[in-house]
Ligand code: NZQ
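The chain below stands alone and is given as structure tokens, in the form predicted on its own.
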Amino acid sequence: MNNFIFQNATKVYFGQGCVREYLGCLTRSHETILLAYGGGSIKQNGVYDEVMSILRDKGKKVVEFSGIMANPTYRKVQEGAALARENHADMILAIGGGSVMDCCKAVSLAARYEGDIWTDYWERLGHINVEPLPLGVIVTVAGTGSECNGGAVITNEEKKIKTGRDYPKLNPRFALMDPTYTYSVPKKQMISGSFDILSHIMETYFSEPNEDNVSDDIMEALMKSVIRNLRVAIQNPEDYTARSNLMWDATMAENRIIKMGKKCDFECHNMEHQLGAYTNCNHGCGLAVLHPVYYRHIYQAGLPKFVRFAENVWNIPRDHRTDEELALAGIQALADFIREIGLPTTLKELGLTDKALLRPIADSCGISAGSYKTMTHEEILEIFEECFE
């Protein structure tokens, strides 16, 4: 394995009833809470009432920061930071999925930093020399794994750039994870979020080293878990075992453990982020469209790993197949699974109907240094064109 340094500062409280049991003591030393959430679904499923009851019983002043969108914008980050400063919030409590958590990580920095965080921390990698506003999260959607890292993906609408950075200082102080909170998530959102989990794992798995290593072994088990438990959750959205497994799969995919010793290839995420910047498409759906086509472009450069993927994740027997045939069978199994779970397979299905947009989107994509095959913007354009319809 390659050399690495590992750290994760987030403390996880996992299981049914964890919010009722722990939230009061976790907010004990804070007086004014910036309560952040998305479109208001937490007011319909009872989560909002439960959290507000706990905070009020503890005498907290609550300032609400709502309306965080699926692809959080830098403008929304600035709005949250201004609200935190104006009300002298001493803690942020984010309730939701990855978008809410990502937005609030950026808010936690912007509330304490006097400069422009986009210029200093998202356009380029910076060094955080201020203490961000303390952040705690209550997870209601399994997908991004944002609860246990410092990563935040933000869209700058003016520049049409969607990008993420992972700063350990932005890790939430705590994450409350009650799988029953995910029951009310619409089925399409549950499925697309689960594919995002699978994507995070695959993008780490399909990178060097290829030699035997602990990270690859863990990832094969995680990929099989996502596939198995998503199938169960589609049939029964309130299967606690399946939903709890998916929730922890998401965390394991992005809490940095499986990335140790790996180069990591995030090219599909780079491409999807720019699709999202131009079209505001659903993240998991965009990844589902891209992954099989992208892998058909790179599998020959990482042939041993793609053979292993076919055999160990999809249980495809060799049956006299060549390595290349077996690798392609594994990619086809992934494509078949995407159709099985009802995710889109073309950019047109995502709502992108103007083919002329493909060139500027392709040219704006970042190039992943960890890919088995170094992409060019011309080849990214080819992938987009193959995905179009």
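Small disclaimer: the values here were computed from a predicted structure and weren't measured. The numbering used is simple: start at 1 and walk along the sequence shown.
If you look for the form predicted together with 5,6-dihydroxy-NADP, you will not find it shown, but the lines that follow are about it.
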Considering only heavy atoms, tell me if residue 347 and 5,6-dihydroxy-NADP come within 4.5 Å of each other in the predicted bound form. no
Within a 4.5 Å heavy atom cut-off, is residue 294 in contact with 5,6-dihydroxy-NADP in the predicted bound form? no
Check whether residue 144 has any heavy atom within 4.5 Å of a heavy atom of 5,6-dihydroxy-NADP in the predicted bound form, and answer yes or no. yes
Consider residue 34 of the chain shown here, and say whether it contacts 5,6-dihydroxy-NADP in the predicted bound form, taking contact as heavy atoms within 4.5 Å. no
Considering 5,6-dihydroxy-NADP in the predicted bound form, which of 207, 244, 71, 229 comes within 4.5 Å of it through any heavy atom? 71
Exactly one of 304, 186, 115, 317 has a non-hydrogen atom within 4.5 Å of 5,6-dihydroxy-NADP in the predicted bound form; which residue is it? 186
For 5,6-dihydroxy-NADP in the predicted bound form, the stretch among 207 to 215, 118 to 126, 309 to 317, 134 to 142 with residues bearing a heavy atom within 4.5 Å is 134 to 142
Every residue of 17, 91 and 173 near 5,6-dihydroxy-NADP in the predicted bound form, heavy atom within 4.5 Å: no
Only counting heavy atoms and a 4.5 Å limit, does any residue of 23 to 41 reach 5,6-dihydroxy-NADP in the predicted bound form, and if so which ones? 38, 39, 40, 41
